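Just the one chain here, the form predicted on its own, laid out as structure tokens.
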Amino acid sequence: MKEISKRFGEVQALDNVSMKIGSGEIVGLVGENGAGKTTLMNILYGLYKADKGRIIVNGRETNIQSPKDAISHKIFMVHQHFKLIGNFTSLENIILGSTSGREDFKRMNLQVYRKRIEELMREHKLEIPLDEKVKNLSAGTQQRIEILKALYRMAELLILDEPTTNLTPQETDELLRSVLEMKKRGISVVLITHKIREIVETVDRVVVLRKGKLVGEVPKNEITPEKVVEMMVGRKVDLESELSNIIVPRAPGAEEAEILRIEGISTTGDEGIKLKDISLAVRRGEIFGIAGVSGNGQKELCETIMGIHRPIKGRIIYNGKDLSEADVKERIKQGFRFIPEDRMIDGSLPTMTLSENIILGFQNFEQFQRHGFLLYEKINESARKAIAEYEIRAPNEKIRVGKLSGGNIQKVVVARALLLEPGLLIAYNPTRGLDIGATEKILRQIVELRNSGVSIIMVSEDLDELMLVSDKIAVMYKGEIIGILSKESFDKSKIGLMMAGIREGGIGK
């Protein structure tokens, strides 16, 4: 890609960026949220057209106008938010669009396709249940389906956009092993990621963008976490020392000041995991961390505390008041704030503006409405403050949220949760998909809230991050809390065993 430029309205998304991808090479494409990484790859994949620049494939200048053109050159892209049809099986999703015509589709012999896909699964170590509907599968399995779609069409260049954002640590390791396997077979991979470990362990070369410009490249033998981070952010960042310096001792008596008590909560339902007799207490000015492999009840617990789900038994006591029957609206009034797991489905309305998204849940508060009419001047002012404070890469507050990058949408969701000071913050992976600079800023704000006396329930699949900021950690396994550790008892290997269902002294039931 030579001298690529792209502008969206007032935003110069890419400014004269050049990038090479070698055959059988893994290239890491990194930068802050909104640096232009996905835009650059969307141009290569034909989703956007560059304002200026050239694309040369196998030595020939190429005019890529659409994904169909890109696919004809064996270029494929797996997007951060998957493009699968939930009611179709894995097998049907993989072959969809690959048949040669209507007659071929009508007489489709799935066994023929199945044999080839099973070969690919074995070759690339990408096991999936071919006959299961996609909507019933985990994010990690859906990721593998997207990659198999590309391999089935004989991809020579595969673009993976933030492929591990929604994966568990185990799924991440499996995916990176598969990427290395692809390299052995001569497939080129562009890995867009914010996770420095993935860069250090996997790529042959790093390309760094900042604010739409190429900052530089780093070959494999020169890649260090410190060097990559400094090029991305423009300064040195050491999360551990930065946050350790601002975590203050809790105030005398804080240990006794109980804000939230969960008493024997259980849930039921046809879909998803059930909570089983959950009890815990969160104190004033405490970060109560919740660890566990994704899908072990963390989401259900957070949504039950927030009032999205009703328990079949048990009580939720907040500031001495029983809120077990209160709805979400009432809990927001009482000071509950929520950063949900899925920023696209549960955290934002993509077709609404940034301003409108910033006040979702607060639209009936007197700060933002009078007699049922929204006060847009105040709403827009709040949105402009959020853009500045959280460094959201947006031309203005009136842009539709769906047009922002994934990391910037995450910043909008976090900014909304902290817009009006919470009494209780429920934060589900608050730094998911954020670059290290933004991660530092969000974690710093969470710690400062804790220092000021706000109570926080924080779920994170990043155990290092959770251990760094939490005062206590509860470990969930199959809908149960199988242990709670205080800060002085934190031990990564012990927590890891508990996440696998092994209680202290034996196997979890």
Partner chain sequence: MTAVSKTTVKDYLKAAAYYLLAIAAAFGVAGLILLTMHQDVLLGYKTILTTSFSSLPNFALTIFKFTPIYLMGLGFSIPLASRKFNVGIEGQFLLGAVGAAAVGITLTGMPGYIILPLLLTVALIMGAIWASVPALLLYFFRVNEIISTILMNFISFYLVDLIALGPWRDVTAGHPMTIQISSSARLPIIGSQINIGSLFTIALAVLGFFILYRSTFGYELRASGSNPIAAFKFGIKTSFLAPLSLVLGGAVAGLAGGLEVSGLYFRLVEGMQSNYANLAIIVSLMARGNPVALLLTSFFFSMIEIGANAMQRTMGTPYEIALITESLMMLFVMTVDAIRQKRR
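Predicted, not measured: the structure shown is a model, and the values here were computed from it. Residue numbers count along the first chain shown, from 1.
The protein also exists as the form predicted in complex with the partner chain; that form is not presented, and the subsequent description refers to it.
Per the 4.5 Å heavy atom criterion, the partner chain in the predicted complex is contacted by stretch 373-381, the sole one of 205-213, 257-265, 119-127, 373-381.
Checking 173, 181, 156, 346 against the partner chain in the predicted complex, a heavy atom within 4.5 Å turns up for just one residue: 346. This chain lacks the partner; the member of 284, 416, 144, 393 within 4.5 angstroms of the partner chain in the predicted complex by a non-hydrogen atom is 416.
Mapping the unseen interface onto this chain, residue 194 falls outside it, with no heavy atom inside 4.5 Å of the partner chain in the predicted complex. Within this chain, residue 356 lines the site of the partner chain in the predicted complex, having a heavy atom no more than 4.5 Å away.
The closest heavy atom approach of residue 340 to the partner chain in the predicted complex falls within 4.5 Å. Although the partner is absent here, residue 329 sits close enough that one of its heavy atoms falls within 4.5 Å of the partner chain in the predicted complex. Although the partner chain is omitted here, in the predicted complex none of 276, 314 and 319 has a heavy atom within 4.5 Å of it. Applying a 4.5 Å heavy atom cutoff to the partner chain in the predicted complex picks out 299, 303, 308 from 279-310, in order along the sequence.
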